[in-house]
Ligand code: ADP
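Here we start with a single chain on its own, the form predicted alone, put down as C-alpha cells.
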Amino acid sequence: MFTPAHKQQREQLLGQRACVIWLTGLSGAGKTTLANALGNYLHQQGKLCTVLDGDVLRDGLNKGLGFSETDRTENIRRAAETARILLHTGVITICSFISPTHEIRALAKSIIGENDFVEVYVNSSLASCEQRDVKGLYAKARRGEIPSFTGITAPFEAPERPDVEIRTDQYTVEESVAQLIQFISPRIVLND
C-alpha cells in the first residue's frame, strides 16, 4: 500500500512534485494535443511524466468497454486507478479523457485524491469541435451511426470550477499550450 511517505521519497528522488493533470472536454477540443505537448515540454525540462489517453487505454487496458453509462464509469475508474499508481511512484501523470459528467470527474478525483488532482477544462465550442472532427466521429454521430456520442446524443456537463480553463477555440495550439504550461509549472515544483 502506498503511503504519503513513499510518494514523498520518490518525489525527492525525482526532484519534482507529482500530480495528476486531468484534461476534460468534448471530443476534438484538443485534449490529446495539449496533453502530448505538455508531456513533451516537461520531458525537455527533465521531468518524469506520462500521458494516459482515452483512445490508447480503450485499445488496451479498457478494451471491451463500450460507451454505456456503466462502461464510461468503469473506463474512468480504471484510468484514475492507473493514474493513482503512477502518482504514488512520483510520476507527473497527464490524463486526457472526455469524462463527460460531474459525477464521473468526482469519481476520478476521489480515487486520485483532491490535493493531487488538477482539473483542466479544455473548452471548445461544439461547432469548433465538429469543424475539426479529424476522426469523423461527429459526422457519424449526426447520422445516427454512433449512439450515446458526447455532445450530440449524450450530455457533456462542463466543469463548474475547474482549476484552469483553456479555450482552444479562441487561442492557437501554441498559445493554449503556453497557458497550460504557465499554470502547471509552479504546481510541480518540489517544496523544500
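What you see is a predicted model; the values in this text were computed from it and never measured. From 1 onward, residues are counted along the sequence shown.
Keep in mind the form predicted in complex with this ligand is missing from the figure; the text below concerns it.
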item: All of R17, T93 and V120 with a heavy atom within 4.5 Å of this ligand in the predicted complex; value: no
item: Candidate stretches 156-164, 41-49, 65-73, 128-136 - the one whose heavy atoms come within 4.5 Å of this ligand in the predicted complex; value: 128-136
item: I181 within 4.5 Å of this ligand in the predicted complex, heavy atoms; value: no
item: 4.5 angstroms heavy atom contact with this ligand in the predicted complex for V173; value: yes
item: Contact flag, T150 vs this ligand in the predicted complex, heavy atom cut 4.5 Å; value: no
item: Residues in 6-32 close to this ligand in the predicted complex, defined by a heavy atom within 4.5 Å, in order; value: L26, S27, G28, A29, G30, K31, T32
